[in-house]
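As structure tokens, one chain now follows by itself in the form predicted alone.
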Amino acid sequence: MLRKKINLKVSITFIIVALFFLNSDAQTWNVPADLKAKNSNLKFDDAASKDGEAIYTKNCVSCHGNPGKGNNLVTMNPIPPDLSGAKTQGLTDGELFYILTSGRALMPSFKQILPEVDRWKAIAYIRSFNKSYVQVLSKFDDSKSKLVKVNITFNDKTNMLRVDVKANEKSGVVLLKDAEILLFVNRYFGKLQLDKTLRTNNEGIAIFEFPKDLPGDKNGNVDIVAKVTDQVYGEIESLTKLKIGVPTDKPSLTEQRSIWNVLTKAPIWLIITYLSCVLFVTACLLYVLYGLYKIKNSK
């Protein structure tokens, strides 16, 4: 009996210690050294901070609360930190950008939600609560992204999409090696990711699998969106229309019927019901007015 109690106490102690270290590890981010040293070429001025406040309010305040107000969501585990605190402000801009971009567990990745400039604006807002912060601007030239060309071709025999990424520098063509690429197809309510995230090879090429049963428009056209991230050239987004989908001639969601649109698209039963209600309400009002008229004349 005594041994069982000792074993139970040891087990409980082990669980508590394990949970402590798991919680501590959940709040530790191992950011690669090159990304830790990353800086923004966007100046964190009042305009950037104001834009960042709107972005923060829309995407971050529900968990992290208002900086400095102590109203972060303490019921979560791990607790989302107050981003005006010393621990957060002690991180480099690159670490903050990495966390915001990559996400982990309960912290979502904003890579596909917010463009790079908006992520930096959110950080500009967070930094506005640190009076001792001094920004180090990046020497990266964001105009370099305009030099990048993304070419997407389809092989109907293998059902594969080939993405070629290169930059047309003055010194010649530069193949973007080890660039991260995500492919999406535009759908009614957002973007559908194709395959998994891939990186280009030494020739600046990445090969993606395309689903054979993916519907296109009535001619089979689909809009392919490529999002490329490169350490030198930044983030690039490219749109390519290809005739590779299954031809689908379906009417749009509001083409045939729409109760919030024109009369010709409303179902007949709804029109009759609506008109009946209008006539009934009108008749009631006329009856009340007639009654008031009779009362007035009876005096």
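Bear in mind that the values here come from a model prediction, so they are computed numbers and not experimental data. Throughout, we count residues from 1 along the sequence that is shown.
As for the form predicted together with heme C (HEC), it is not shown, yet the points below apply to it.
Colleague: Taking the partner as it appears in the model of the complex, which of 160-168, 89-97, 208-216, 144-152 has residues with heavy atoms within 4.5 Å of heme C (HEC)?
Modeller: Partner-contacting stretch among the options: 89-97.
Colleague: Of Arg187, Arg104, Lys196, Arg199, which residue is found within 4.5 angstroms of heme C (HEC) in the model of the complex when only non-hydrogen atoms are counted?
Modeller: Only one option qualifies, and that one is Arg104.
Colleague: Using a 4.5 Å heavy atom cut-off, which residue among Leu175, Leu114, Leu192, Val225 comes into contact with heme C (HEC) in the model of the complex?
Modeller: After the contact test, the surviving option is Leu114.
Colleague: Is there any non-hydrogen atom of Gly220 lying within 4.5 Å of heme C (HEC) in the model of the complex?
Modeller: No, Gly220 is distant from the partner.
Colleague: Using the partner position in the model of the complex, report whether Asn41 sits within 4.5 Å of heme C (HEC), counting heavy atoms only.
Modeller: Asn41: no contact with heme C (HEC) in the model of the complex.
Colleague: Under a 4.5 Å heavy atom criterion, is Cys63 part of the interface with heme C (HEC) in the model of the complex?
Modeller: Although heme C (HEC) is absent here, Cys63 would touch it in the model of the complex, with heavy atoms inside 4.5 Å.
Colleague: Taking the shortest heavy atom distance, is Val136 within 4.5 Å of heme C (HEC) in the model of the complex?
Modeller: Contact with heme C (HEC), no.
Colleague: Pull the contact list for 28-44: residues with a heavy atom within 4.5 Å of heme C (HEC) in the model of the complex, in sequence order.
Modeller: Result: Trp29 alone.
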